[in-house]
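Here you get one chain, nothing else, as structure tokens; it is the form predicted on its own.
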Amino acid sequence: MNEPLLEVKDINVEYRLREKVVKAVRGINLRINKKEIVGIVGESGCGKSTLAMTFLKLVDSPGKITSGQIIYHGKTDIDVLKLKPSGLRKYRWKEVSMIFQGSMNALNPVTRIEEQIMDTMLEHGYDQETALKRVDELLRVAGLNPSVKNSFPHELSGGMKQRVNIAISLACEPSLVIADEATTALDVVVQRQIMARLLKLRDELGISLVFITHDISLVANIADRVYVMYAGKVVENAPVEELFYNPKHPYTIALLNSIPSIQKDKKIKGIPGTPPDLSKPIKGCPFAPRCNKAFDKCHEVEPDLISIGQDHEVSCHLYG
């Protein structure tokens, strides 16, 4: 049986604004095993990035983690949400690191790449000599020529900046790397190169990876397991082949139907309507207003996430 590395238990996150409360993450359970790649997919605004932030306890005001538990299984078990600032400083980047959404703009524009990579290591106890030696190694691992260390961010292409961020995420040898929309704004060729590099890093370094994207097709060739999110909840999860060849939730099916195909007889289908407003109470299944299979119960009762087979769960009244 696969060994768990990170377990998320009934996590809830709210954003308290002046006149309303947005329930961005609603009772999510999730498990990431050692040396596993997990894909988290869904439309913009479904709570993917907020969920990822909880892994590092990075949800800031006006956001708040209202309940739940996150357990990291390292040398000892760590209850992440109970960590004090000093414990979080040791946990972040040393155990779990993150490639942030919009990370092409996350680099300091007036600091050379070498210094930015070294800063990460020096903050986590590496000595100057060791950090200096590791810069070249990390750039090679990320698929870059070590000479890039002398450059400023504006001298690099988008793909090169993204690889620098990968190098920074690996600087302190974490066991888990979270890639939040790591290929956004990159052309398809560079996207594939980045994905191939991340897959190679998993194989060579034995790290686990969480890949967050709105494009379900991106995780097809890289993920071991996929979680599909909608309106702040997981609506389906399964091993990647099971999810792509035997999808169950109407939303998952709709996402797959929106992918361009080389098959001549397959037409791209958009998903009608818009996601629900999470600042308002949700009655019934949140996808029901957009679902062509919805019936009366779907509009009245929100379905639970249930098991429908070996390692396959779905939240839909069509099953169970």
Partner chain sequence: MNSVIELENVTKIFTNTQGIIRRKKKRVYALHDVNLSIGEKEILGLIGESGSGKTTLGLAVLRLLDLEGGRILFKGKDILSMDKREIFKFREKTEMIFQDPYGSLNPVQSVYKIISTPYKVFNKNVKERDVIEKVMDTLEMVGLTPPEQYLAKYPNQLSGGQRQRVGIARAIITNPEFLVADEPVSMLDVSLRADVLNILLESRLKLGTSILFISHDIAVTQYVSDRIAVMHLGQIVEIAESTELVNNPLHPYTQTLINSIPIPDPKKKWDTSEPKALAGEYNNEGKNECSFARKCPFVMDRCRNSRPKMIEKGDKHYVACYLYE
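Throughout, rigid core stands for the largest set of C-alpha atoms superposing within 1.5 Å between the two forms. Fair warning: this is a prediction, and the values are worked out from it, not measured in the lab. Positions refer to the first chain, counted from 1.
Just so you know, the form predicted together with the partner chain exists too; it's not on screen, but the next bit is about it.
Not displayed here, the partner chain is kept clear of residue 284 by more than 4.5 Å at the level of heavy atoms in the predicted complex.
Residue contact with the partner chain in the predicted complex: residue 131 places no heavy atom within 4.5 Å of it. The partner chain is not drawn, but in the predicted complex it has a heavy atom within 4.5 Å of residue 268. Although the partner is absent from this view, residue 163 contacts the partner chain in the predicted complex, with a non-hydrogen atom inside 4.5 angstroms. In plain terms, the part of the chain that comes close to the partner chain in the predicted complex, with a heavy atom within 4.5 Å, is 198-206 out of 122-130, 198-206, 70-78, 84-92.
Judged against the partner chain in the predicted complex with a 4.5 angstroms heavy atom cut-off, the residues 101, 105 and 187 are in contact without exception. This chain lacks the partner; the member of 234, 176, 223, 171 within 4.5 angstroms of the partner chain in the predicted complex by a non-hydrogen atom is 223. Scanning 271-285 for heavy atoms within 4.5 Å of the partner chain in the predicted complex gives 271, 274, 277, 279, 280 in sequence order. Core-superposed comparison between this form and the one not shown: CA of residue 214 displaced by 2 Å or more.
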